[in-house]
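Before any questions on binding or motion, here is one chain by itself as structure tokens, the form predicted on its own.
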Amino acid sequence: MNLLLALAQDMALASVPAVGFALVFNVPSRMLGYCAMGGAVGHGLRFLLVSEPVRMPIEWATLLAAAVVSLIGVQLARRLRAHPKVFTVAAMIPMVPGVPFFSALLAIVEINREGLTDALLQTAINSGLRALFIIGALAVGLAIPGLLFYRRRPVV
């Protein structure tokens, strides 16, 4: 039961930045609920995949969640006659890796201030690569429907 409460809280909190960025991107007001739903579904799915029963690495969980949100966004776009990016881009924002990127930047600043140590270098590299791979997973997940459905030529 504790996992369900944490999931509900995670999804509710993830919908707020999705709607905020949708407002920044001038998404029509009738589409804001769908953007909130996309942010909540994506972050909630990633939360479930990273949590205890599954324990998937966050990079792979982000890729899967971004692909699911992107596929849902394409289906919503067809049904509501809007561009898919209206739903998908704002829904990806809550999954942007702020903590790993900030940790990498802090480690780089500490290296500059105190000098190079093995622990700081390891923190900078690990956090920076984690942030880079999560951003890459978001980009690939966002591009999956375009690669699968909107190509005029075969993939291979």
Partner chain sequence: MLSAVVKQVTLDEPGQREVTRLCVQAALTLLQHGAESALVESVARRLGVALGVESVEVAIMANAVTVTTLSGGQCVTTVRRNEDRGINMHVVTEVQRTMLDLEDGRLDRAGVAERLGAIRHFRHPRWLVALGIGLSCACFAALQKGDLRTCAVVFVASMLAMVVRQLFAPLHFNPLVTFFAAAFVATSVAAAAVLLELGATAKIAMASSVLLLVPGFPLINGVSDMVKGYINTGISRLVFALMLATATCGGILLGMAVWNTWGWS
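Take the two forms, find the largest set of C-alpha atoms that superpose within 1.5 Å, and that set is the rigid core. Since this is a predicted model, take the numbers as computed values, not measurements. Positions refer to the first chain, counted from 1.
Absent from the display: the form predicted together with its partner chain. The rest refers to it.
- No residue in the set Arg55, Ala67 and Leu71 has a non-hydrogen atom no more than 4.5 Å from its partner chain in the predicted complex.
- The shortest heavy atom separation between Leu48 and its partner chain in the predicted complex exceeds 4.5 Å.
- A residue is said to contact a partner when one of its heavy atoms sits within 4.5 Å of a partner heavy atom; Met92 meets this definition for its partner chain in the predicted complex.
- With a 4.5 Å cutoff on heavy atoms, Trp60 does not count as touching its partner chain in the predicted complex; it lies far away.
- In the predicted complex, its partner chain sits within 4.5 Å of a heavy atom belonging to Val140.
- Contacts of stretch 83-108 with its partner chain in the predicted complex, defined by any heavy atom lying within 4.5 Å, are made by His83, Lys85, Val86, Val89, Met92, Ile93, Pro94, Val96, Gly98, Val99, Phe101, Phe102, Ser103, Leu105, Leu106, listed in sequence order.
- Relative to the superposed core, Pro57 undergoes a Cα shift smaller than 2 Å between the shown form and the other one.
- Superposition on the rigid core between the shown form and the other one places the CA atom of Phe101 2 Å or more away from its counterpart.
- Positional change of Leu120 between the shown form and the other one reaches 2 Å or more at the C-alpha, relative to the superposed core.
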